[in-house]
Each structure stands twice: as structure tokens, then as C-alpha cells.
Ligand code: GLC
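Here's a solo chain for you in C-alpha cells, the form predicted on its own.
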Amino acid sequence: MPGNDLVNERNAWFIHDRFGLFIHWGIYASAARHEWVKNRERLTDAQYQRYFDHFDPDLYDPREWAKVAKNAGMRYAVITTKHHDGFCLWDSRLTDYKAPNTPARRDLLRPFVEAFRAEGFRIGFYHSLIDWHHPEFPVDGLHPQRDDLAFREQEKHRDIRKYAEYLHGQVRELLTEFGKIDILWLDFSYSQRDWGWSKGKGKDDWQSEKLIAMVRELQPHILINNRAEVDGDFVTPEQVQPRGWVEVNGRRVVWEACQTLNGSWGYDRDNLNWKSPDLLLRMLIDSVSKGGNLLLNVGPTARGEFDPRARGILDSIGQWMHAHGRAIYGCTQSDFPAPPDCRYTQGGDRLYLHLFAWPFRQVFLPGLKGKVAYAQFLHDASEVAVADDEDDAVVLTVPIQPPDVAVPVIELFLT
């Protein structure tokens, strides 16, 4: 099978499970105008404080979140412990800018971890390398107050080394106080950016080698992404679908596409660019057919619930995954070339043909002559007629009407 050389003791579960839930949640949910609202609207700490002062997710029930995610077919979950605005979901000893000091009056991370673990999920922490609230984080070209020349001058002596100590200290808290953590999703580095008056931040600023060494020491099994500008365990194309198996320096790597439901990561009330369940399923299938995972994001509301539109989408995905999960879990790219408007995923001697467009009566599968012992629709295990072509292909005969599923899948038993 392609990619077997990438599987190791640490990442085997990740490559098998394929489908995860991303959660972006913080006080920006109260603004409901994108998680970068502080940056986009050049808000000062004082202006942004109103979201901290009024954040009270009284309907927050992570057990319900976990059930919805499990029903959608997701196997692991990654949550934002801290986003770029610096707000922390847990009761960190290193800052007062945290959930227990809002009207929520409690740690919001611990119940998430407990609820998702109880449903069998692997747990991941997203942690921002950036912090626009911290008094030692430099005012650079991404900082919300970048255009305030007087503020820039006043704060020009900020020391990134002191901030790095804080960053490392918080990561240590996260990896020592919540039990086994399976993924550390760091975000993000931008050392290549140069605004003339300031430069972007990267591994030297974060002291990434030291940070990653600490992480490996605390939790040797953990998977780390690639956004601290040092080698990690997997790479993370964002809001794109790669054209093929992702490569770095000409070599295939473990990868995970992170995608949104509507283009925003945090809750964005007026964003109506919702992707259809069928499109999202095709993105999941496409990722697995190229050897990758899909991490699909939900931005809960400031009251702590999934938007009804998000829930509806996840419910629809779950209906398909209920019948078709074995074409996703434990599957990867196949060596066989898929016919037009189709994708292959493969797990051992089972080859799965995902039909993105319904054909008229026959599907020709090149390179499979003499290699298919049996074929059936996956959703109901009903037989699909198989015949060898006079060339090197197999011919499948299908009904005029497609089955009533979002993406029909034919399971091929290889000889």
C-alpha cells in the first residue's frame, strides 16, 4: 500500500482515523465577526475587553459536542486552548486573561477533555504561538495596533524572549495537567514577512527547538504539526485541497487538510458561505484518496452551542459515514488509477470506488482485469455486476438511478 513507509508507532492511529473535529472557540465568539476580529478592526485591548467582560457560555455542554462529533464519524478532536488574541480557555497560572475570570467563572478546557475522552476521542490542543494581549509580544505588522504610531513607539522595547518564556510555560501546563494529549497543533510562524519597520516571527522568536524538545520529553507519543518552523510529524494545508499526496522536498509526508464549514474558523454570525454536506464529504474522500486526513472546523457560539446549521451539516455527514466509514478509516491512496469523476480509497484488499458523478450504466476501471473477485454497493451490500473488458479493464454495471446517498461507493474485493 502506498505510504506504508510513513506509518510508525506514534502516528499509526492518526493515519487510520482520518477524520477529526477542529474547534475554534474563545471570546471572539461574542463579537461573532471572525476569530481575527481584533486584528481586522484594529481593536485595542480596552476595546476588545467587552468580549471578555460578557463571555458567559451558559449553554456549554461538551458532552453534547462530543456526541455530535462522534455521530458525524469523527475520531479525534483539536480545540483552541489559546488563539492569537491571547485568551485562554483553561485556568492557567501564568495569566489572568482566562476563562475563570470571565462571567463563565470556570475552566472550560478540562470538561471538554473529559467529555471527548469519555466518547473515545483522541485529544489535540491548538495553541497559538502569537499573543496580541501579552505585554511583551512585539507590535509588528500583524498586531492589531500596528497603525498606531504613538503606541508602536511607546511599546518598542517589548522583549520577545520574555514572551517565549510565557509561551513555553503555558505549553508545559497544557501537557502536564490534562493527562495524555495526542496532538499539539501550534499556529503559526511568519518569519518571511517584512514590513520594513518590523519583521515577522518564527522559530528563533519562539525558541522552537527548545519548545519541541520539551514537548517530546513531556509526552513522547504526541504528534506535532509543522507550523513552528521545525520538523513535525505532519503538515497542514489550510483551506485548500492538494492536487496529490503532499510532498516536502520531493518526499511524501503525513498530512492533514484543515477546512472550515463556511470560511471562518470562529463563530461568524453573518457569514452565509456554508459548504454543503456533499461538498464536504467529497473533500474528506479526496483527502483520503491522496493519503491525507481532514480536520473539519466548527466555531461554537458565545453561549457554548454549535450553530444549528453546523449541526445539520455534521448530522448529514454522519448519515453517510454510518454506512461508508470503512471506505475512510484505515484507507489511503490506491496504486490503481481512478476513472474520471471518481476517487479510490484502499484498505488492504478492499478497493473503494467513490462515484462523484453518476455514470450511465457502466463504469470502466483500468488496470483491474482479473483482479476483482466481487463488487457491491457499500451502503447496503447489494451486488454490482463485474465483467472483464477485452482490454485491461473491469466493467461494472450499475442501475440507471443512483442510490439515495450523498456519494455512492462501490466496494471491490481484490483477488
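Note that this is a predicted model, so its numbers are computed, not measured. One-based numbering along the sequence shown.
Another form, the form predicted in complex with alpha-D-glucopyranose (GLC), is not on view; read the next lines as being about it.
Novice: Select, from the options 32-40, 356-364, 57-65, 375-383, the stretch whose residues sit within 4.5 angstroms of alpha-D-glucopyranose (GLC) in the predicted complex by heavy atom distance.
Specialist: So the stretch in question is 32-40.
Novice: Decide whether W185 counts as a contact residue for alpha-D-glucopyranose (GLC) in the predicted complex under a heavy atom distance cut-off of 4.5 Å.
Specialist: Contact check for W185: yes, within 4.5 Å of alpha-D-glucopyranose (GLC) in the predicted complex.
Novice: Answer yes if any heavy atom of Y126 is within 4.5 Å of a heavy atom of alpha-D-glucopyranose (GLC) in the predicted complex; otherwise answer no.
Specialist: Answer yes; at least one heavy atom of Y126 falls within 4.5 Å of alpha-D-glucopyranose (GLC) in the predicted complex.
Novice: Quick one: does C258 come within 4.5 Å of alpha-D-glucopyranose (GLC) in the predicted complex, counting heavy atoms only?
Specialist: The answer is yes: C258 has a heavy atom within 4.5 Å of alpha-D-glucopyranose (GLC).
Novice: Is there any non-hydrogen atom of W25 lying within 4.5 Å of alpha-D-glucopyranose (GLC) in the predicted complex?
Specialist: Close contact is absent here: in the predicted complex, W25 is far from alpha-D-glucopyranose (GLC), nothing within 4.5 Å, heavy atoms only.
Novice: Can you pick the one in R227, K290, R75, K201 that has a heavy atom within 4.5 Å of alpha-D-glucopyranose (GLC) in the predicted complex?
Specialist: The residue from R227, K290, R75, K201 that makes the contact is R227.
Novice: I need to confirm a contact call. Of D315, D341, E238, D91, which residue comes within 4.5 Å of alpha-D-glucopyranose (GLC) in the predicted complex, counting heavy atoms only?
Specialist: That would be E238.
Novice: Only counting heavy atoms and a 4.5 Å limit, does any residue of 259-295 reach alpha-D-glucopyranose (GLC) in the predicted complex, and if so which ones?
Specialist: The stretch 259-295, when checked against alpha-D-glucopyranose (GLC) in the predicted complex, contributes only W265 at the 4.5 Å heavy-atom cut-off.
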